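Just the one chain here, the form predicted on its own, laid out as structure tokens.
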């Protein structure tokens, strides 16, 4: 009977998404007594009564159809697996190639330089680039000697960093389905000694997939950042990322326009290589804050390649100042959210 019930629960989808509640780890326990009474225990990382009620109704309707089931009880609790982290900020884009990881890393460093306690979590399982950009590719993950069941993040430039790139051999391809990604994201939160943080910047993979949904289900994501380049093809995908955050009840902190313009180092002339102003236009259309423009800067690229991001490598540069300005606005947006 229990196997039949679990199979039926796999048909219950998370609201407005294609993933089922079993693969997402929402279902924690199922019990059946001799009277045909079924009790389903689950947990959500988000505090949203509408979603919880929708899940309860779907579970009851699905299981009541099973022969022999007389009554269905559903208990869904809020689960906070990282209580010592004040704010979790998810950085995403609708597509790859817009410099999202570069933005995530430099924003994390800029927040730290602004006096915040910061960590960065790389959830791009298939393409973890954070270790290279932070210059920690050769660093192995170690166990916490005080908490043997937890792993220690790598500390660099005043922030704590954790990525699957430090757990697998360089160049290894991972071919995983959704349930494995969900479990991995859960371990990256629960089994890592993050300590007390003001901000955990989460570098999501491109698109709107498993890692983002798992993070939203496991814990409260305080806000989302959407990275785009100015051209129309990127803006369309960025709009999808905004919609994804909204469906998950994650407040969108704002839009960041990366590769916004180029200043020629020889003549000082400004060139809008990928057009300009699209990010601000998108923010106006969607009634979102516009957090700033990040220029195309050779130092940003070389800093990322050499493991010395521009915020710490060349703090007086135009690019570093742009990231510092974005970090300042993020802190201001967080203060606004806290007063609502």
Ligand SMILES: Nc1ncnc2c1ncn2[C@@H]1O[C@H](COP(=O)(O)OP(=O)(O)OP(=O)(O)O)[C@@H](O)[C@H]1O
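Residue numbers count along the first chain shown, from 1. Quantities reported herein were computed from a predicted structural model and do not represent experimental measurements.
This protein has a second form, the form predicted in complex with this ligand, left out of what is shown; the following refers to that one.
At a distance threshold of 4.5 angstroms between non-hydrogen atoms, residue 69 is out of contact with this ligand in the model of the complex. Using a 4.5 angstroms limit between non-hydrogen atoms, residue 96 touches this ligand in the model of the complex. In the model of the complex, none of the heavy atoms of residue 30 sits within 4.5 Å of a heavy atom of this ligand. Not displayed here, this ligand is kept clear of residue 40 by more than 4.5 Å at the level of heavy atoms in the model of the complex.
Note on the partner interface in the model of the complex: the residue among 291, 55, 300, 282 having a heavy atom within 4.5 angstroms of this ligand is 300. Proximity to this ligand in the model of the complex, taken as a non-hydrogen atom within 4.5 angstroms, holds for one residue of 313, 307, 278, 295, which is 295. Per the 4.5 Å heavy atom criterion, this ligand in the model of the complex is contacted by stretch 100 to 108, the sole one of 143 to 151, 100 to 108, 69 to 77, 212 to 220. Taking this ligand as positioned in the model of the complex, the residues of 119 to 140 that bring a heavy atom within 4.5 Å of it are, in sequence order, 124, 129, 133.
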